[in-house]
Every structure is written in C-alpha cells, then in structure tokens.
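The form predicted alone is given below as one chain in structure tokens.
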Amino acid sequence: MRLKSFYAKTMTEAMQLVREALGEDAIIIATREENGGKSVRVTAAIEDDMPAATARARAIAFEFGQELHGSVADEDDWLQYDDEIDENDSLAETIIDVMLSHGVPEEVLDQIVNCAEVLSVDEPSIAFVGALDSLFTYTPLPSVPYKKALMFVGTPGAGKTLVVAKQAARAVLDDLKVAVITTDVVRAGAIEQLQAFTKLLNIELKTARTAEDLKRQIASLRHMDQILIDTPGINPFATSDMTALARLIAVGDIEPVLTIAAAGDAIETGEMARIFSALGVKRMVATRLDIARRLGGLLCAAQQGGLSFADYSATTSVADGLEPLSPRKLASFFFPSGSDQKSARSEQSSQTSTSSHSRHKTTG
C-alpha cells in the first residue's frame, strides 16, 4: 500500500484530489480538519506495484532493531490468505486494546487501526509508529533564532509557566538571546514564580498588563533571538476569556502554542484543541507525561484541532527541559518496552479485549 495525504478547503475538493491522484480504488484512511476548520486533510491508500510501503515499513522496523517478517503477498500466493487475516486481526486487536486502555475515542482509534493495517507490518508497536507518522504532523519548538514571538496558551494548570522556563533555558544553552514576557499579572504569585526561573537564567522578566503593553514590549525586544510570552490560564468555553486572548495574539507577529496536560479527558481535550485552533494555534506542547497514564487526549487534540505535535515535558525540572515529540517517542508512551510493556498488558482484562474486538468488527 502507498499512503498519501491531500489538503483542500473542503472535503469535496479533497476527495476530488484523491480521485485524480490515486484513482477510484483509493481507500480513505482518515480525515481531519486543519487550520481551525478552514481546510481539511484526507489520508488515502492505494495498492502500489512498487515496494515503497514495504520499504517504509522495513525502515521503521530497523529503527526498532527488529527484522520485518512478512511483506506484501504475491497475487498468486492465495494459500497464505487465512494466515494474513489472522495476523491482521491480531495486529488490530493489540493496537485496539492499547488505545482503549488510554481512552482513545472511537473515531481516532478507527483511523489509527485502518492506517496500521495497510502498512505491511506485522509487529503492532511498529505499525503503530507508522500510523502516527502518517496521520499526524510533528513540528518541534525552534532551537534557533525565530522571528515570531512564541505565546504559550492553555487552560489553568496546564504548565505554561514551566514550559516557558524550559524553552528559555534551552535557548540560553544554545547561546541565543532570549526575552520573556508575562501577561499573567492577576494570579497570585504568577510573576514571582516565573521570575524565580528567569533570575537563574539571568533574564529580565518583562510584564504586560494590556494588549498595548504587550505590543510595546515586543517592539522593544525585536533584537532578541527568541521572545517567549507566558499567559494566564483561560477557559476556552468562556467567550470573554477567548476574546481577551485573541486581542493579545493580534498585537504583533505572534505564534500561539497550545500547552496541554497529557492526562485529560479525551473528548473534552479534543474540543478545547479545536477551539484554540480557531485562534491560530497550529502546534501543541504536551506536559506531565510522567504522571499521565491515559494519553488519548493528546491524539484527540491533534485530530480534532488539526494540531502538530511539538515538544513534551515529563519532569518538573527546568534543567531537563523539553524534548521533541516524534512518532517513535509518542508511540513509546503507548507501547512501553520490556517489563513495562508486560506489566501494562497484564492490567488489561479479557473483557476489554473481547469488547474491543467486537467494536472493531462492528465499525470496521
């Protein structure tokens, strides 16, 4: 199989692109909105005589230090049909069990399973990496001079202040000139918390109480390599909060970056991501992965909001900083290696396995 993604303003236009590029036999693997609902992305698959899909799968397997067993079967090799069905069922069931244990919603689950099944890989963890790579995008935070000011936004307690401190520390270690501005001037202790970090980094903390203040601060700091902006936690379901945030984003050349706590309800997290994307958010930072045990919210946020995965934080230590969130790294939180994987699997009941298999058969 060969996978390809298509972008268009409407679903009708995207489907037309699929037909023109891949023909009528193309299989739709996944669809999702992009840019706050202003465009759509369709991922489709088509049988390919060239071994591109198999080569891609072998590359993924090689990264995991495993040999890929099995490939695209020959057309005349009909005697292996039953074995292939069994292998696909086993792969799908394993991935479904893992995702159900993480609270992944059915819509996202189906897309990942459908994509994993066409990658010509018989190892579930490797197929899962391939599906994450095909269905989602990954755009790490910059570690070089960046012309736009990075504004970290999110709900209360998401970890925005700590992310700002970690990004500032990374910039300092990369010998970049970095400036930090906070607009969180109402919450008790907010300025003092961030100031404790910036003092250690020998960075002067700027404050902005209004949109005009923020505009002036940014203009005065244009000589810096990176400008980082902390914001107060807001309620995405409150119009007044979103309006105030929109005014801050509109004052200059600012890129809003969503900060999401990993352990959140998947459906609610996806809905919040969709709301934030309407303000121009295109990528997100995942926090508190060290204490999260159900990560379905991250996948739902990326799918519902059309967001790219940027970096992740798995520690409260500023010195350890942020790490780019790649498909392989993201998959490792779902498929732990070694004893962790055995322990995770032992926690799954036979009832969950049976019900997940029934759901896949019904929806597939």
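The first residue of the shown sequence is 1; numbering continues from there. None of these values were measured; they are calculated from a predicted model.
Absent from the display: the form predicted in complex with a small molecule. The rest refers to it.
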- Would you mind picking out the stretch of 90-98, 183-191, 248-256, 266-274 that comes within 4.5 angstroms of the small molecule in the model of the complex, counting non-hydrogen atoms? 183-191
- Note on the structure: None of P236, G130, G103, G159 but one has a heavy atom within 4.5 Å of the small molecule in the model of the complex; the exception is G159
- Message: Give me the residue from I291, V144, L173, A219 that has a heavy atom within 4.5 Å of the small molecule in the model of the complex.
- Response: I291
- Message: Considering non-hydrogen atoms and a 4.5 Å limit, does the small molecule approach T198 in the model of the complex?
- Response: no
- Is Q226 a contact residue for the small molecule in the model of the complex, using a 4.5 Å heavy atom cut-off? no
- Contact between A314 and the small molecule in the model of the complex at 4.5 Å, heavy atoms? yes
- Proximity of Q167 to the small molecule in the model of the complex, heavy atoms at 4.5 Å: no
